[in-house]
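Single chain ahead, written as structure tokens, the form predicted on its own.
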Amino acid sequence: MQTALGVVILAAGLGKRMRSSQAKVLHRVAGKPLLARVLHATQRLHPDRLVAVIGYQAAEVQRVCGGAGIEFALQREQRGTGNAVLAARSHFCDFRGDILIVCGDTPLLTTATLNGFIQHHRARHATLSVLTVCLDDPASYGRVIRTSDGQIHRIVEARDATAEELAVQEINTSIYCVQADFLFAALERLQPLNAQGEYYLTDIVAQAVSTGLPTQAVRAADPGEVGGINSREELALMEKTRQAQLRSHWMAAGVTLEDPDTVYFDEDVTIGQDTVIGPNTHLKGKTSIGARCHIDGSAYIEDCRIGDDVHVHFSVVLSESELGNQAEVGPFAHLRKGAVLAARAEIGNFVEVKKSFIGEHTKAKHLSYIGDAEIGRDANIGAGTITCNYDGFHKYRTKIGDRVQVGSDTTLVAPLTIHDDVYIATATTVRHDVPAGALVFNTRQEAVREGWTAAKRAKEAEKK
């Protein structure tokens, strides 16, 4: 029978050195809160129980990072790591097995490293194991003190260490695997006999050693992976490391980055093969980009769905929008929330689209605003066209049919329906619905010639 696994994530602290009003674990790396990244790594272990200990800004941490299978324990007063783990005890009353303890500010931690650590702990039949790493400059991290034969003796916090102990380069990562029965009994015996008057989780190591219980200190291969974040500088360094990892990942997956160091990814971004991404591009949120796309550069794209073979020209901002296959946007275009481009639609220079559907093969190439609109296929929206969707009190929609030709400098006053095959002359203000096939002209819409489009097309056909 497999030994049960519980997980406790320590996420209650303020993080004073961050100099922030926001809880430390809510700061982000690659678009995700630190705690959310640790939760993801531990969830993939498929633990029998997963508890996050929260304290500072508890409600906000729970709202941002909560989800199925995650339990939360409240540490009402932050009195050290030992006190924090003890706050989770009620969630493990009937639990028999191993408990993995990790910190909520280690965003590069991987499931593979945690799984290897747990397997080592179990293979050695250890009561307590601690994951360690060697650093050239251990700074303020707790030192791992070993016996002459290499066995773990105790862990001492830097502020409580002697000069000789501070010279030790092996440090505690604050990641433990402990048998549950021993863990909570040992926590009950902790005393705040240190410079901070706190209950140190590290003191349970000395308890296990003194009673002859088997312990293990397991060194992690990659110091960067197990590092925590205590300051804005460390947060920035962690972001830099993660961005380098994501760039390598996407290039290995068949994506071309023309200037890798200037392309930035959020964690949930996905990209298809043979897509080319130019310099100074930011891909944010849950953006998905298809295959064989070309993003010229200086683009900001957030929470968008982009199909295959799409061309995003230079200096474009896209947010919460959808681009169909072979669509084309930019340069200097802005697609806002709710903009949807069908296949082969084209949005050009200095065009803004918001909460609108642009039909297949339809073009709006210059200097226009399209808001709260629905445009059919094969239409052309001339330069300077504006949908007047707001009267100061309410938003109204404009509906434009298939094959409509809208002349430059046209004003469309919603609510408005323009049926199929309409021609709207330059500098026209359209205030009333227009029947199919009509010509609309004059700024006051003084004349509507029904049947004009069919006659015009017949005349043009005669010329050929």
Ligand code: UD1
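No experiment lies behind these values; they were computed from the predicted model shown. All residue numbers refer to positions in the sequence shown, first residue = 1.
Not pictured, yet referred to below: the form predicted in complex with the named molecule.
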Picking from G330, G142, G371, G359, the single residue whose non-hydrogen atoms come within 4.5 angstroms of the named molecule in the predicted bound form is G142
Using a 4.5 Å cut on heavy atoms, which of T202, T132, T127, T387 is close to the named molecule in the predicted bound form?
-> T202
Where, among 349-357, 98-106, 281-289, 378-386, do residues come within 4.5 Å of the named molecule in the predicted bound form by heavy atom distance?
-> 98-106
Give a yes or no for C177: in the predicted bound form, does one of its heavy atoms lie within 4.5 Å of a heavy atom belonging to the named molecule?
-> no
Does the named molecule come within 4.5 Å of any heavy atom of V440 in the predicted bound form?
-> no
Is E157 close enough to touch the named molecule in the predicted bound form, meaning at least one heavy atom pair within 4.5 Å?
-> yes
Look up in the predicted bound form whether S231 has a non-hydrogen atom within 4.5 angstroms of the named molecule, and give yes or no.
-> no
Looking in the predicted bound form, the residues of 310-339 with a heavy atom no more than 4.5 Å from the named molecule, listed in order, are none
